[in-house]
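Below: one protein chain in two forms, given as structure tokens, structure 1 then structure 2.
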Structure 1
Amino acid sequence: MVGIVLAVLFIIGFVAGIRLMQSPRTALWGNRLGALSMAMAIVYTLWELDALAHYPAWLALALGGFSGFFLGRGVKMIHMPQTVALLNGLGGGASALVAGSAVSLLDLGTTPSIYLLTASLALGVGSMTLSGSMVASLKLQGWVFQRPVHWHFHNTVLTGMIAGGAFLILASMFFPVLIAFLLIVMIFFAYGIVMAVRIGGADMPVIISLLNALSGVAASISGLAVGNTLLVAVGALVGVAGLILTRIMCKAMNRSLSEVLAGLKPEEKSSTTGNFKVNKKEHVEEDRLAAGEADKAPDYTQFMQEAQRIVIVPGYGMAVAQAQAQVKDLADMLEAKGKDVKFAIHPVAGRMPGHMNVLLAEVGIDYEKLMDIDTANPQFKKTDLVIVVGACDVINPAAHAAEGTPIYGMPILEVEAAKHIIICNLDEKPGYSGVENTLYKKDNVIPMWGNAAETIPLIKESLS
């Protein structure tokens, strides 16, 4: 009875921690509460197994805890997406190890089929999560094929793997031999690799959320395999939270999960995508050259000085350029002149959910200055100046009008409603969707093409 009460308290602690993490103001305490609940759950599990005096277990916990602490402190914010992917993979791998240990200790000839089934499922899902997460982490780090890798027989291979794995899982219930469990691990480990290689960088917010969910599902199933109710409940909590986040990311990108997993490029989503084109707007410098004004700088100095309400929109380009420190300096300079500065964050800006929030927090930007899409959009009509730093598809007005394109219907930050807009993007090429950005043609837009780490200082110079 005491054990059940404690398990319920731990689960309440996890749920309360997730609740606190919904707001930047309380996220730190939510994280601490979750960590405390996990630590207490580990101690409770050792007590329940009568293993408190098992010193090798404490040594393993100490080594793992200190390794995680020091590795975590050394991770830069720009590398947080690949770190999260790595942690998802380690969670899946740990679940597979738990299930594998259960299989090795069970009397396979007398074990009920339901335990064999859950152990097989945990081995499969855990192995797939581990390998898929490793590939995602390597992609994000830039060490392997960052672009989607497509083979002519890709779908056939994946279908064959999942069919073979499912057959072995079912067969292991009736013919529980070790070779079958080893084959399950090998097949699903390979499946995770083959599945992940054809997912591109722009879909990483979705795949990271999905892998997070799968790590929870694997933990929950392994809990069933070893008869640990607490592990079942906590794993299910992580799985549900990850699936909800996956759905949010898919909706924010206007892409279905099946399209992401199939590795479909946005331009393949509709056969009519190529019918929507806009005339490219030449660089401002080239326009002025035609008008005999090539020796003049872009005319943004005056409205930079006059603007009182300013919104900065960061995107993945800011992360690539590592320009967040420059953006922070610009915001400080604007505020020092008495201007109201806010930041508008699109849900899928970056390579993982909250990527921009993490980068801005790294340089000390107050979370109270960050606005989500629902808060920001009504504000743009009253905004004097929007400064876009490395964002494209998430601000493209074509999402409202270009039927048949990959971004049609996707919620965007409606920056076009602002009085003036400065675009600090690398170039005027379309974003991942392949749809040219109609915002660049607006009369109230001045593009400053180039590396954001170099163009943002130019804006700062205009204020000095």
Structure 2
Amino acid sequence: MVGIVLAVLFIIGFVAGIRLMQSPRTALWGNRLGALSMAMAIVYTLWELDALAHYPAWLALALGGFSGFFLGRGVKMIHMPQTVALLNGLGGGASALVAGSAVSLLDLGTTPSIYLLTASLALGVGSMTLSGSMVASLKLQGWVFQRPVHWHFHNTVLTGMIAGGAFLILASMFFPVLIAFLLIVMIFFAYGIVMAVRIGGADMPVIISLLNALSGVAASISGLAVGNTLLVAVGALVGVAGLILTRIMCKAMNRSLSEVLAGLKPEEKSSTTGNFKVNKKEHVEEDRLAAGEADKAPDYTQFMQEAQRIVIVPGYGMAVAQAQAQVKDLADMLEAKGKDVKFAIHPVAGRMPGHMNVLLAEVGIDYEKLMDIDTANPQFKKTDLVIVVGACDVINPAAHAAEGTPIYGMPILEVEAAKHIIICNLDEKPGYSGVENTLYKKDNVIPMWGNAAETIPLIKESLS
């Protein structure tokens, strides 16, 4: 009875912590409330097991705790996506191990089949989360092939694996032998790798969110397998959060989850492209040079001085160019001249949900200046100057007009409504979607092709 009351209290602690995360003012305390609940749950578990003096347990806790602390202390904000991916994987792996060691403890012959089913499901989902997350993390870190890898037989293999895995999970209910559980682990581990290798680049936010959800689902199911209500409930919270974020990311990219998982690169979607060119990203070295010739002396100084309301639109290109600090300097200079400077942030600007906000907060930009897409779009009509830094698809008006292209219908930041637009992108190549950006041809657009870490200082100079 005490156990149930305490479990409910801990769950309330976690939920209240998330509730406090609804506002940036209280979020820090929300996180701390979560940490406190976790610490108390761990101590209570040890007490309940009568193992408060069981020093090997404390040793394992301390080892993991210190490793986690050093991992968390050192990681840079730009590396947050691969860190979260890594942690997703560790969570999934831990759940699989719990289910696995629980299986090895059970008297397999007499265990009710519902527990065998949950144990093998937890083994499968956990293994797949572990391997998929490792691949995603390595890709984001740039240690293995970042481009999506496609095999001719990819779909056949994946379908085969899922069918085989499902068969084994069902079979293990009736023939609970150790080899069946081992095979489940191996098949789903391989499935995670095969699934993750063909996802890359701008699709990463979706897969990270999905793996986040899976790590929660694995924890929840392993809770069912070992009979721990707290695991079930908290795992479900994580699963739900991951699914919500997955859905938001898919919507913001105008792609369905199955398209992303199938590794369909946008340009491979059946496109009845009208008069809009769909370019591949390769080649274009000559184009870049040609473009470089054209923009020798863009005349932006005058309306830069006149502009009162300025919106900066950062994209992942800004982070790649490491231009965040330059952008912050620019914003400070503009504000010092009495101008109103805001930032407009597209949901998929970055490599994970909310990534861009964190990158801007890292250089000390006040969160109250950050606008999400719904707040920003009505503002552009009243904006004198938009400065785009390393963003392409998310500002492409073709999303409204170019029926049949991959980005048609995708929500974009409607910067074209502003009076003037300066674009500090690397080049005029299309973004990830491969759809040419029709904004670049507009009269009120001044492109400054080149590394943003070099072009932003040019703008700063023109101001002083």
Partner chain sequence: MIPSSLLPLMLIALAVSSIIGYKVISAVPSLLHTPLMSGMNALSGITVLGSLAVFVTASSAVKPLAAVAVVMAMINVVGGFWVTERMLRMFQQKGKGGEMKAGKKIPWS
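We call the rigid core the largest set of C-alpha positions that still match within 1.5 Å between the two forms. From a predicted model like this one, the values you see are computed outputs, not experimental measurements. Counting starts at 1 and follows the sequence of structure 1.
The form predicted together with its partner chain appears here as structure 2; structure 1 is the other form of the chain. Taking 2 Å as the criterion, A401 does not count as shifted between structure 1 and structure 2: its C-alpha moves by less than this amount when the rigid core is aligned. Here T45 counts as shifted, since its C-alpha moves by at least 2 Å between structure 1 and structure 2 after the core is aligned.
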